[in-house]
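A single chain, nothing else alongside it, follows as structure tokens in the form predicted on its own.
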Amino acid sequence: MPIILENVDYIYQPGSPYEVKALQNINLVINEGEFVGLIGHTGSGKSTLVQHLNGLLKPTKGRVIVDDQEIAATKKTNLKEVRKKVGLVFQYPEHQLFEETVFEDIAFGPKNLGLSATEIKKRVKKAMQMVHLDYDKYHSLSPFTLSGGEKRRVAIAGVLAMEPKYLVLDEPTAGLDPRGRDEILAQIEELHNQGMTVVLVSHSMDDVARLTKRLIVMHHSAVVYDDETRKVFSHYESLQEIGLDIPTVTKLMFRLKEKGWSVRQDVLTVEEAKEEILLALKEEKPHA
């Protein structure tokens, strides 16, 4: 079953002098098995939107449906069940680590589900395996002694231990060094390849181009594009107008096209760019 958003509005501090309309008439369907990117400049509504996916926020107007469970301002919903299905990893999730050991931190969610000690240990081990943290090496360590990338993986494992169907990540690589960033992205890609539905919020156009098949673009609290990632990035000028960029290799192809090269402009990866340039060199000599 999908996650469905129907005519969703959200207003912060309604009726006050500080009222802000953060979402306007959002209509989306996120299907099982998708890898969806979500981009937009700061303040466009991305974080507000993803907090609706597991009921942290309820829509001021409209409704959100998660596996037939409806979340609406006027409806009582078993949000505990919704949050089992939709795992949300916030930006800088390691700031939420608080237990004395890695095991206890990852086990926190499963314990709150009232699971047996045997099942909790099983889930912790499985979640650690999913993020490539060796159980024997890490389970008894303090999370605060770990590197930034390792802390991030512990935080993600804590969400995975709840065994969600959907994984929503809000800027999961923020603040990491290149190695930590690459490790986290590789593990997110691996989770998707294993069948998990992923929604990735990111400021990195290169990351969403490489990983996602579908891209949602937000601007001024509304969705302005929702299409295949390749098609969305073909709207270079329109994206620039709302303060967004395109992947580095895509920008290169636009520049080459402007200089007379016969190349596609919907290229997203270095490998695709290499093929296009080699093909263009064979077919015709570029104009200076």
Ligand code: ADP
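Quick caveat: nothing in here was measured; it's all calculated off a predicted structure. Just count from 1 along the sequence shown to find any residue number.
What comes next is about the form predicted together with the ligand, which does not appear here.
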**OP:** Indicate whether I277 is a 4.5 Å heavy atom neighbour of the ligand in the model of the complex.
**Re:** no
**OP:** Answer yes if any heavy atom of S47 is within 4.5 Å of a heavy atom of the ligand in the model of the complex; otherwise answer no.
**Re:** yes
Original post:
Does A22 reach the ligand in the model of the complex, with heavy atoms at most 4.5 Å apart?
Top reply: yes
Subject >> Contact flag, H41 vs the ligand in the model of the complex, heavy atom cut 4.5 Å >> reply: yes
